[in-house]
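As a starting point, one isolated chain is supplied in C-alpha cells, in the form predicted alone.
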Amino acid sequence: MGSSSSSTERIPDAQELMQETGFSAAHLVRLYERFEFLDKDDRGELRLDDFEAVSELAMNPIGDRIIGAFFSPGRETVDFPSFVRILAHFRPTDTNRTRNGRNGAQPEPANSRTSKLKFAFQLYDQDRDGKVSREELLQVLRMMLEMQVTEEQLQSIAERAIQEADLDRDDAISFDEFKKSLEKVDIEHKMSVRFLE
C-alpha cells in the first residue's frame, strides 16, 4: 500500500483533519476509501441516499437519525471533512490525548465523553431547542423498541425517564440533566467503533 503519508496526499487537508480528529493516517486513508465507495456518482460529496449502502445503519432502529447527524441544517450533502468530523465522535477515547495536554484555546476532542454525550443528545433533541421533551423521548423509544412493548409501556418508560433525569422539573431533559443521568454509563465504550477492524 505504500507509506501512510503518501497515501494521504490525495486527501484534501489530511494533516489538518488528523490533527483535529485524532485519526491516524491509516484511519484517514481507510475513511477516504469508504467515502469514495459510498460516493457512487463520484461527486466528492454524499447525499442521504448514499448512506443507504451502509447495512449497519439500515438495520439500526435510529439509523435515520444517525444519518441525519451528518448533515448540517438545510444541507443535503456532506463533504469528506464533515464526514470525518462526525465519525470522530465514534473514535475510541485516546488516553494520550487528554485534556491536560491541551491549552484552553483548543476545542475538546470529538471523541471526549462530553462530545459523545452532546452527539447522542442531539439524536433525541430533534427540534434543537436544547431540551429533550417527552414526545422526543417517545419518538426514540418507539423507534428502538418498535413492537416489543405496548404504547402504555412506552409512555411509562418515558414518564419514569423524565422523572429521574429532570432535576429542574420543567418536564424536559436538558443537556446537563442528560449528562448527569448517564454518569455511570460507559459512554466511551458504547459510542466507540474500531475503524480498521
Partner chain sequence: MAALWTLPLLLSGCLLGCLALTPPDELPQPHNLPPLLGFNGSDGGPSVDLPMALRVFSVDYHHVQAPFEIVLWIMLASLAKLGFHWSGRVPAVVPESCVLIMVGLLVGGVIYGVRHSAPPTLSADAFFLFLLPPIVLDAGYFLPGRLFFENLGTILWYAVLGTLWNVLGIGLSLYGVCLLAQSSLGDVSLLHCLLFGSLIAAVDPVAVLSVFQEMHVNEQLHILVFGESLLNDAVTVVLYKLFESFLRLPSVSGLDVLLGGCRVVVVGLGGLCVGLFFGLVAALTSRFTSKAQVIAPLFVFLYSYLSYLTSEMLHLSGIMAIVTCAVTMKQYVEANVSEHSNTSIQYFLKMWSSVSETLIFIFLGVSTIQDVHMWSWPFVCSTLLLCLIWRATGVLLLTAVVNKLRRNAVTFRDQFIIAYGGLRGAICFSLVFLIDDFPKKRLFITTTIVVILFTVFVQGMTIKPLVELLDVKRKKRALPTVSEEIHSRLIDHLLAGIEDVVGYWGQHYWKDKFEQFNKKYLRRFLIREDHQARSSILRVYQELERREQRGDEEAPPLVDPRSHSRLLLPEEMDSIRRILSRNLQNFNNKQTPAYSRHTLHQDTTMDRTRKPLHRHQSLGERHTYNTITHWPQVEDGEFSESHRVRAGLSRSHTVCSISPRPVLQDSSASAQTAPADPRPAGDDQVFPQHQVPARRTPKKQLSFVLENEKQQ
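Values in this document were obtained by computation on a predicted structure and should not be read as measured data. Residue numbers count along the first chain shown, from 1.
The same protein also has a form predicted in complex with the partner chain, omitted here; what follows describes it.
Contact check for residue 24: no non-hydrogen atom falls within 4.5 Å of the partner chain in the model of the complex. The partner chain in the model of the complex comes within 4.5 Å of a heavy atom belonging to residue 126. By the criterion of a heavy atom within 4.5 Å, residue 45 is excluded from the residues contacting the partner chain in the model of the complex.
Although the partner is absent from this view, residue 120 contacts the partner chain in the model of the complex, with a non-hydrogen atom inside 4.5 angstroms. In the model of the complex, the partner chain lies within 4.5 angstroms of at least one heavy atom of each of the following residues of 170-189: 171, 178, 181, 182, 184, 185, 187, in sequence order.
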